[in-house]
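Below sits a lone chain in structure tokens, taken as the form predicted alone.
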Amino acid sequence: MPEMSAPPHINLVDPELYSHGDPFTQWRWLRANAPVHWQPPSDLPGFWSLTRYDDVRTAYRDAETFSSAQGILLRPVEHGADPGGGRTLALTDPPRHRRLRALVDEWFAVRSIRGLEPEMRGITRGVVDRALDLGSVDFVADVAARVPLYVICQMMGVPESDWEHLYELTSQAFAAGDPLTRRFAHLEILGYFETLQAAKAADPGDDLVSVLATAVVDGERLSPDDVLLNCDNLLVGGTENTRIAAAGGMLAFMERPGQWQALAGDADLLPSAVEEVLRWTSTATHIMRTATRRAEIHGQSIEAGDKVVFWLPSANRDESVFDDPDVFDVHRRPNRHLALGFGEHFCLGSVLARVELRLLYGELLGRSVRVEPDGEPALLDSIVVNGPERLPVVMKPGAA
């Protein structure tokens, strides 16, 4: 890997870097020169950055050394510990993580998702129909956000009459802007699921909330608070990253029309195109672990208690793993990206996310829908997720 002569200023925790800057310049230099890099504490704790593919993959696999139980995202020190630590799917280590995951694994298995595909296809078609009726839309809010939200709502047993209400709440909770508005929206989401889980505990149905509300783990029922935290985890995990990946992929296609034309000319490319969208967007910007014991990576000592951050977009552009990593190519094979995690915490919804992307792009391609820019996109101002916050487009039906 060639070394760059002069180091850039390294500050990966500046949100504006992702909305108005170029983090890839910093990651490229770190991969070549400082693959284990210390970021001093600020309002966030100090942490070690891992930027190479092999290092991230190896650390992902070692759940005994790199623990999820103290949180998986950087949080301001003044906010204290993550309330979901040790209690939710994302924030537990084995063996409890496996027991929690076993409760819902079947719902996200290939067979189950295939069974849901006709309903998912209907949801996708309805979302595209609505966008075509509007004509001028925000692809993020009006298309990419609605498909995964409606699908996970259906899986969780949310009545269809409440889908739009949850859409409005999640739009506020995920949006940039006033933190107080986001917090109140998130509290309303928790309040909604508090009521729903109580109803499902009393009268279970065939849905994810009922599974959690009646679950027994380690000989005990999950507490209502634990059910609530896991519902929140499923809602966010099942919507946010797919929403941004779908929109980020559409932006990549609009910027590279030849790639969309290649896809339109060969439907067999759709699976590899979905993988390239996932690699290219790498929407989870960072994942954090806490070292449980001393470890050494590239001669650098990491002590027990140290925070270690995996920068997934960097790993997925590693020159030693991917040919021409800065090129978006729907033909790319193999494509062993880490956008959906690896090891114990490989994304529970990975099959679901892939099917949602395939159905959405397949619907647009199958109907020859034209998606054209209608203004400048705006990128998220965040160190947690990266991609379009707004993507104004005009959607036009294809020739009959």
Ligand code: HEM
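Keep in mind it's a predicted model, so treat the numbers as computed, not measured. The numbering used is simple: start at 1 and walk along the sequence shown.
What follows is about the form predicted in complex with the named molecule, which we do not show.
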Using a 4.5 Å heavy atom cut-off, which stretch among 161-169, 180-188, 298-306, 282-290 contacts the named molecule in the predicted complex?
282-290
Just give me the single entry in Ser314, Gln197, Thr242, Thr124 that has a non-hydrogen atom within 4.5 angstroms of the named molecule in the predicted complex.
Thr242
Let me know the one among Leu116, Leu270, Leu89, Ala201 whose heavy atoms come within 4.5 Å of the named molecule in the predicted complex, would you?
Leu89
Quick check on Glu344: any heavy atom within 4.5 Å of the named molecule in the predicted complex?
yes
Is there a non-hydrogen atom of Leu352 within 4.5 angstroms of a non-hydrogen atom of the named molecule in the predicted complex?
yes
Tell me, yes or no, whether Tyr60 is in contact with the named molecule in the predicted complex, where a contact means a heavy atom of each within 4.5 Å.
yes
Evaluate Ala339 for contact with the named molecule in the predicted complex, applying a 4.5 angstroms cut-off between non-hydrogen atoms, and reply yes or no.
yes
Scan 213-249 and write down, in order along the chain, each residue with a heavy atom lying within 4.5 Å of the named molecule in the predicted complex.
Asn233, Leu234, Gly237, Gly238, Asn241, Thr242, Ala245
